[in-house]
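Shown next as structure tokens: one chain only, the form predicted alone.
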Amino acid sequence: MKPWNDQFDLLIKSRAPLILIRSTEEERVESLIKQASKRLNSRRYSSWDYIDGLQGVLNSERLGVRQPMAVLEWIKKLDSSIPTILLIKDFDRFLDDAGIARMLKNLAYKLRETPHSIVFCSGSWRPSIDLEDSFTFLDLPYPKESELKILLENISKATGYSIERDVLEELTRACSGLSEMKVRQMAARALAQRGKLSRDDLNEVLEEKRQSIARSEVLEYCNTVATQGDIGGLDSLKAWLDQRHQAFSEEAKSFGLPLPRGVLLIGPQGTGKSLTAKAIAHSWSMPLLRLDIGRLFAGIVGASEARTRETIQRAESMAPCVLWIDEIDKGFGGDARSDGGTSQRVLANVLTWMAEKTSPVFVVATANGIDRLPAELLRKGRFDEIFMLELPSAQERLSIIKLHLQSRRPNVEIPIDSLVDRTEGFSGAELEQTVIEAMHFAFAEKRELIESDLILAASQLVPLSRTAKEQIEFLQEWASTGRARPASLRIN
């Protein structure tokens, strides 16, 4: 893909009339357009906003104050002898006006005959369907590491202190994924506290990223202490994850290995999918971000796609990290006709990003079933691997029960062989609930937990393998055809 500056220059040279730059960094957009105007045969840069009107044009300063139509009339009549790039700010607020919408359509034709272009900047707005074809869209990514390094160096020089090379490298990597404004704010706080940029600022950068996630309506920053040792069984999946973790190292990069894309975990409820996602993040010492797919699908046309782009940017700002897409079958398993194709467009954006991403974001998607999952999500290459998490075998049930007893009653020795035999068809979550229920029995009678409590609790629980027998059998039959890899080394 061409660098952003080259893409923008090409649009201006090809006389794209209306350009929408999708970004919330208005100040940075303005700076980049000013630089472009100098590169492109000294094109004139001008801007307009509702309060200050037109800026940067002699004899026309403050034209169109509180009059959005006036600035459109101005550029429509503008002589072609002075090629102009006009940045219009906050213009999406005026598009309910039928006259302005019509003028934009007219300008989409008129400006192709001139060297003038109008640039709009917005992080969430998307033109209505009847205006969409009039615009050319261009996404502005977060600053690259090379840009951040220059920015941090310039800030440090302005203070009169030189920043150590290794500290600069660490801060640059830490700031990757933050907007230019956020980096400047972080630097301002550091200078106010210590008078210079230093390694002490790394924690502030991480905290800024955490706050950025907290402000998101779609992503949730999850604190987790779970490890692979907290998961009973799933030995094949654990071994595979250990291999993928090594692929994030510099040695793996030198060896020619690409960064892992992610894994899709499919299985009945309670088989450890969510726990596995949490354990991956903690074991790999990476932040865990949970994506709420339901919140992606906002009611406003175009808002879902904008939220998807924002979510991807926020996830990449935390990289290396684990992005957990919980119950992906519920988010992308609906009928595309019922939402105007929004779910399909969002899914396409997510899959394209997963296939092309170069950032160390490991995607862990979980699904309780496959009947609602779109075929393109299950196609080989979308994820590094698809694992089927079956109901635990006898050996795995023994391991799971021991884990829960050890964590809750570590000093009590209880024979559990008979309990293992009586819990065939139980999921890991149901085994945990059995232990908890048995502890309630013992606690109510003010005594220690015994084997009969566990057996009684198991006898009173109706497992999912009975209430959703057909669904589980369908999953097992689907996995047996080789479409998914078993997460356990031995399945009974």
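Model, not experiment: these values are computed from the prediction. Throughout, we count residues from 1 along the sequence that is shown.
Omitted here: the form predicted in complex with ligand ADP. The next part is about that form.
Think of it this way: in the model of the complex, ligand ADP has a heavy atom of just one of L78, V420, L197, L275 within 4.5 Å, and the residue is L275. For the options P260, P127, G331, P268, the one in contact with ligand ADP in the model of the complex, meaning a heavy atom within 4.5 Å, is P268. With ligand ADP left out of view, the stretch that reaches within 4.5 Å of it through heavy atoms in the model of the complex is, among 350-358, 102-110, 227-235, 306-314, 227-235. Taking the partner from the other structure, ligand ADP in the model of the complex has a heavy atom within 4.5 Å of a heavy atom of H404. For A429, a non-hydrogen atom is located within 4.5 Å of ligand ADP in the model of the complex, even though that partner is not displayed.
By the criterion of a heavy atom within 4.5 Å, I400 is counted among the residues contacting ligand ADP in the model of the complex.
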